[in-house]
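Form predicted alone, single chain, as structure tokens, below.
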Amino acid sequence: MKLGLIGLGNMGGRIAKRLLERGNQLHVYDVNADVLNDFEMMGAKTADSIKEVSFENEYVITVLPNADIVKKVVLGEEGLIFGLKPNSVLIDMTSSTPEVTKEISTVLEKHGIKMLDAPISGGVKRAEEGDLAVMVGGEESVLSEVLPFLEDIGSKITHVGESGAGHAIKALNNLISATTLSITLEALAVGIKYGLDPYKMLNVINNSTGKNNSSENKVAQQILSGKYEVGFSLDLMYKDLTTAIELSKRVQVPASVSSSVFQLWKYASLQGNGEIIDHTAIAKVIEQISDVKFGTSL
């Protein structure tokens, strides 16, 4: 099958590399010419434009920063819609918004083009290992069609509903992730000011009912160590929280806990540099408002 991929950033680049390693013939495009050169050296075919990818491939994956960019790439003047043939498939793996996804899917459907929203979760390490969770919205029959190369990317692929459903659950999952990270750090801040050792606190938490992904995989490794290695930026997390809050308003769920978490991350994003620092840097905000130190400074 002819497979194209647009967006070779932090996650898209690792997904593309994984697809190449699994023997897929891949046609890639990115606005960064240096990145394209790197992928040409890896064996990928590189494109000079979005249109070129759409003309030459029946399956196209997009992994882009946000919904507005997805809409421009797909429906803009030089968009995929002008090159993709009937019965071709667009797989959007961006952390996008359900409403924009539904809009794009409806327009594509009128041209006979199929679409799946298939956002991913798991971070850069799991992307490199092909162990991502993939949550898919759209027709199950289309998912079956593209499953062979999705299985090269992810080990946990779940069909979650109609168009937009994948992007909805991705935002809600990240709401939970941001909440558990925030509350774990708040609890540690209280404990540290009381005189407890944060590493011993984590040991207790991870052997008790407070255990969560952040306490197991982020706090000691990224925050107490002072590494804050970029895997998923603070602003991208804030973007997904915005999507989750908008969804809660649309379905009229008060979401009081979610709203409090959203305000914390909004404040963090407003401090600046959120597009380049890792989301674990929320710890610096909690340090600031709690007058406590978790580890080495950024």
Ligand code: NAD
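Every value quoted in this text rests on a predicted model; they were computed, and no experiment measured them. All residue numbers are counted from 1 along the displayed sequence.
Beyond what is shown, the protein has a form predicted in complex with nicotinamide-adenine-dinucleotide (NAD); the following relates to that form.
Only one of F232, Y59, F262, F39 lies close to nicotinamide-adenine-dinucleotide (NAD) in the predicted complex, with a heavy atom inside 4.5 Å, and it is F232. With the partner omitted from this view, the residue of A268, L26, V63, A244 that lies near nicotinamide-adenine-dinucleotide (NAD) in the predicted complex is V63 [heavy atom within 4.5 Å]. With the partner omitted here, the stretch from 117-125, 175-183, 188-196, 220-228 that lies within 4.5 Å of nicotinamide-adenine-dinucleotide (NAD) by heavy atoms in the predicted complex is 117-125.
Not displayed here, nicotinamide-adenine-dinucleotide (NAD) is kept clear of Q252 by more than 4.5 Å at the level of heavy atoms in the predicted complex. Contact check for G7: a heavy atom falls within 4.5 Å of nicotinamide-adenine-dinucleotide (NAD) in the predicted complex. nicotinamide-adenine-dinucleotide (NAD) in the predicted complex comes within 4.5 Å of no heavy atom belonging to V257. Though the partner is left out of this view, L236 does reach within 4.5 Å of nicotinamide-adenine-dinucleotide (NAD) in the predicted complex, counting heavy atoms only.
Contacts to nicotinamide-adenine-dinucleotide (NAD) in the predicted complex (heavy atom within 4.5 Å) from stretch 165-197: K170 only.
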